[in-house]
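What follows is a single chain, given as structure tokens, in the form predicted on its own.
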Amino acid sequence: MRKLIVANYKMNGDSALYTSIVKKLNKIKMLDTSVVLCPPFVYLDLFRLKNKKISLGVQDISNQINHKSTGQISPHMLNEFSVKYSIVGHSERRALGENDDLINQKVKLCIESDIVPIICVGENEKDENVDLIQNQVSSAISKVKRSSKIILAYEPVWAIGTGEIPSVEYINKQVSLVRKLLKKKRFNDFLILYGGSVDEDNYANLLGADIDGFLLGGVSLRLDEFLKIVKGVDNA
């Protein structure tokens, strides 16, 4: 069964680190696992990826093609760098004011620009009303063609960077709702990832959940640990 691992480097690293990461990742072999690397925009040109199992992504995208939007990056600009994926609606972006309508605009523009959206959803507090996640998903995919390829990343905000990991049962409860919703809306080409304090000590247990891979944060910068997770997922 195909698995996907997404590395969200956030606002970290430098050219030396990313040059080293690309060099090592270009040499690894994977059978059923693919990797997406999402560096800061300024380092995109360093990611000369020769490994067919590894693709380039970004951490955010504009909801406009060409516009008087200072500091924004359009999908057409990203097409020039062979960007294939974009994280959309990460909780850190939502915390800065991104709402469901803006996230939906970004999702639709990604798809129109041949960029696969990695849509982040998740509750702020443990055991929060499950309707929140369903509403986030429904809004994000509103008026999106059912034939579109999409990725959902379930990231409970209370677990991101805290070291507190939900149980497999808890993850399955949330993920099952997302799967049912997507199938009800007749989406067929989708994956569901888990993100939130994943590391080399807990990833194997988390693979017992009904997920298709991981969205990783800080551990992506620790290359040896990241490679261990990639190889472990591929051999699972």
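These numbers were taken from a predicted model, which means no experiment stands behind them. All residue numbers refer to positions in the sequence shown, first residue = 1.
Omitted from view is the form predicted together with ligand PEP, to which the following refers.
Inset, instruction - Considering ligand PEP in the model of the complex, find the one stretch among 28-36, 197-205, 59-67, 173-181 with heavy atoms no farther than 4.5 Å from it. - result: That would be 197-205.
Legend entry - Interface membership of H90, ligand PEP in the model of the complex, 4.5 Å heavy atom rule: Yes.
Legend entry - Exercise: G217 in contact with ligand PEP in the model of the complex, heavy atom 4.5 Å: G217: yes, in contact with ligand PEP in the model of the complex.
Legend entry - is_contact(K10, ligand PEP) in the model of the complex, heavy atom dist at most 4.5 Å: Residue-level check for K10: yes, a contact with ligand PEP.
Legend entry - ligand PEP contact at A159 in the model of the complex, heavy atom, 4.5 Å: Taking the distances in the model of the complex, the answer for A159 is yes, it comes within 4.5 Å of ligand PEP.
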